[in-house]
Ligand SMILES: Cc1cc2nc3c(=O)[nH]c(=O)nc-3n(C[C@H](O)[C@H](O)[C@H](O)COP(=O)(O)OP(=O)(O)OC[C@H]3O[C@@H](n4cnc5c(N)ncnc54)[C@H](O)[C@@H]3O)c2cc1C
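First, one chain by itself: the form predicted alone, in structure tokens.
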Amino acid sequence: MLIETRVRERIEAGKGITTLVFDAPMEARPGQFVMVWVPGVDEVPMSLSHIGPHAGITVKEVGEATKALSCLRPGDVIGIRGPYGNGWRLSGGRILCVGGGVGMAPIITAVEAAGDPGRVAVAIGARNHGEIIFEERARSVSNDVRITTDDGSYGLKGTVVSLADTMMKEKRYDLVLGCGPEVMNKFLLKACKDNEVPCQLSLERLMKCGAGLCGSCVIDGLRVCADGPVFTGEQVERMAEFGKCKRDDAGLRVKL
């Protein structure tokens, strides 16, 4: 059911990255997403970066709909459907959360849900300092937060997967959660296998309905919107299209 609501707060989360908090109480699990209707523009899937009495999404401008979302101001009307998807299944023991770029948006809700600063560690990566998001939120709920940037402008220079691999070699983790570009997830899956740590990865595919009906987000027979977007490492390993190709607007396979 579509709920019309209004933007309550607009926050500059990073360079070209905007968080919108809206008046729509949301009981959701970390990793779930909503379909966001921008009047007169489009409806797009967005991960929840805030859960609770005032839910929120975090947007990076990559197209017409996300640019329109980024331009919204407090009081503007949007439509929300959801939450959809399965979300992460948090287990006991030590958890390493790995977020690449705007993939930190859903990851931060899992870090907060872990509920113990001593058992959750966070690896945040981005192309540059301006695109690092939610560092302060992560440090408020985790005793071990580390940063990487591709250009070395903040934190360690390198990839977040390389950092995560180092962290897994330093300390034993019982679970890794990952969200970011597919190439990041591909190499994070390999790092988890090498270190023998189970993982759950949030995948991204073209979503039109968000409810498992249209099939536009299917990857190897699984609907990312309804069966995911979070999959176990074992499920992802069996996906022949993972890391190689995806479907475009016309349903054709295109190389990643």
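Owing to the predicted nature of the structure, the values given are computational and were not obtained by experimental measurement. All residue numbers refer to positions in the sequence shown, first residue = 1.
Form predicted in complex with this ligand: not shown, discussed below.
- The chain is drawn here without this ligand; in the predicted complex, the stretch among 143-151, 71-79, 167-175, 100-108 whose residues come within 4.5 Å of it by any heavy atom is 100-108.
- Proximity of P30 to this ligand in the predicted complex: non-hydrogen atoms within 4.5 Å are absent; the residue sits far from the partner.
- Among residues of the shown chain, Q200 is not one whose heavy atoms approach this ligand to within 4.5 Å in the predicted complex.
- Using a 4.5 angstroms limit between non-hydrogen atoms, A65 touches this ligand in the predicted complex.
- In the predicted complex, no heavy atom of K190 sits within 4.5 Å of this ligand.
- Applying a 4.5 Å heavy atom cutoff to this ligand in the predicted complex picks out F33, D42, V44, P45, M46, S47 from 30-54, in order along the sequence.
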